[in-house]
Ligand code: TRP
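One chain follows as structure tokens, the form predicted on its own.
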Amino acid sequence: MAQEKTKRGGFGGKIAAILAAAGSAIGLGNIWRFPYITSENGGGAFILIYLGCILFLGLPLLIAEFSVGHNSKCNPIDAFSKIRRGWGWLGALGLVSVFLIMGYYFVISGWTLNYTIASATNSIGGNFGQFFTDFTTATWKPLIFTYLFIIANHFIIIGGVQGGIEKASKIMMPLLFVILVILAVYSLWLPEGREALANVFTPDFSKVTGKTFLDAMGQAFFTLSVGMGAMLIYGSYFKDGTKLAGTAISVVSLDTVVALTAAIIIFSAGVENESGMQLAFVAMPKVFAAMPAGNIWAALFFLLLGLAALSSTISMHEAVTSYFVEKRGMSRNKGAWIVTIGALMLSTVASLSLGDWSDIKLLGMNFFALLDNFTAIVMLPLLGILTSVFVGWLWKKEDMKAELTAEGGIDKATYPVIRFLLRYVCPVLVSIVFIFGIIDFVQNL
């Protein structure tokens, strides 16, 4: 066993672990979803509820995934089966989910690359909606940028844990934060900046409804990349003695800071009532075009989106690659190529489903939308429920306690609280997100 551990890759230290895990958590949802739901649900009032959901839902689930990975030092399938024989299927389900997510996430990531270049060269033009439609429904152009993004992931992954993921994270994450700070400072310098700051943090409890709590729970769950094996595999690369609770708190804090800062930037631009792709690729370019040197600010914004996407997708790619390397005994290079080729094929279908193949639908959705909805509404919440039940109920109490208190950095007084949250609170809250997600999906069919 000792020999096996020395051969297995791992992060070089605490900072590397935090940057990589924070990179996995910080994704497109921080920038294009959080500002919208904050605006819709009462600004500071929503933030207070969201922070509560992060504390009682997101943080325990993140600690749970870190713990399973750190304890087993295995890929997701072997990790679950090592702790509880016969439960490897839960890890397999996570890998299926993360692979499906890559299918559409890589497509959007490719868009950020195109928009960064188009903004820097000032070639988007004046009809922002038409530019977005023409680009995303084209045949080859979106595919080329998607492929470039996937290949960038591939070369990071084949570099290994320290030589690839860690090195990339140490470059990408500081750069991401620098760009975020530059955009935030510029936003606050604008006449609307101080008003935006007030709008983000001033509570308006008149807008708080049952949907506010549901949105807060959903954002707290989805924002941390839990339930799909990415955080588990990163946890397995933590050095012995890594304080899991401290690392999880650092990741949650960085993720929340990015979301709040993005909200200030979006509110300053006056487009907080837009969300998702329309916010990022139509509304924001229009706003930047009206600013002095707007193409430069737009390029920085899309570079920020691209870095957030890349830091997330490398964790997804690594989770699946680890299966082929450890479970199938392949070299890292061969395992990574299998994942990369699979991602290329899946993202090709997802991209073409927005244009040439848009007439092919299932449940009234094209393939791109189907991947998005199926993973977000069904797979991830279901995996979140199962993971919390697994750690809270099926992991032997003494083994879990030893993992969290001996090396996890959780004192013996706090441990029962974490266990209680994982046994009773997390499954219930994620189940609520799951049930209402299904109801909303059925009503919109």
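Basically, rigid core = biggest C-alpha set you can superpose within 1.5 Å across the two forms. Because the structure is predicted, anything quoted here is derived from the model rather than measured. We number the residues from 1 along the sequence you see.
As for the form predicted together with tryptophan, it is not shown, yet the points below apply to it.
Only one of 155 to 163, 364 to 372, 223 to 231, 175 to 183 places residue heavy atoms within 4.5 angstroms of tryptophan in the predicted complex, namely 223 to 231. In the predicted complex, tryptophan lies farther than 4.5 Å from every heavy atom of P381. The closest non-hydrogen atom of N30 lies within 4.5 Å of tryptophan in the predicted complex. Though the partner is left out of this view, F149 does not reach within 4.5 Å of tryptophan in the predicted complex, counting heavy atoms only. In the predicted complex, tryptophan lies within 4.5 Å of some heavy atom of S315.
With the partner removed from view, the residue among F302, Y323, Y105, W111 that has a non-hydrogen atom within 4.5 Å of tryptophan in the predicted complex turns out to be Y105. Note on contacts: among V251, V98, I266, A79, the single residue with a heavy atom within 4.5 Å of tryptophan in the predicted complex is V98.
After superposition on the rigid core, the Cα of Y50 moves by 2 Å or more between the shown form and the other one. Once both forms are fitted on their rigid core, the CA atom of F34 lies 2 Å or more apart between the shown form and the other one.
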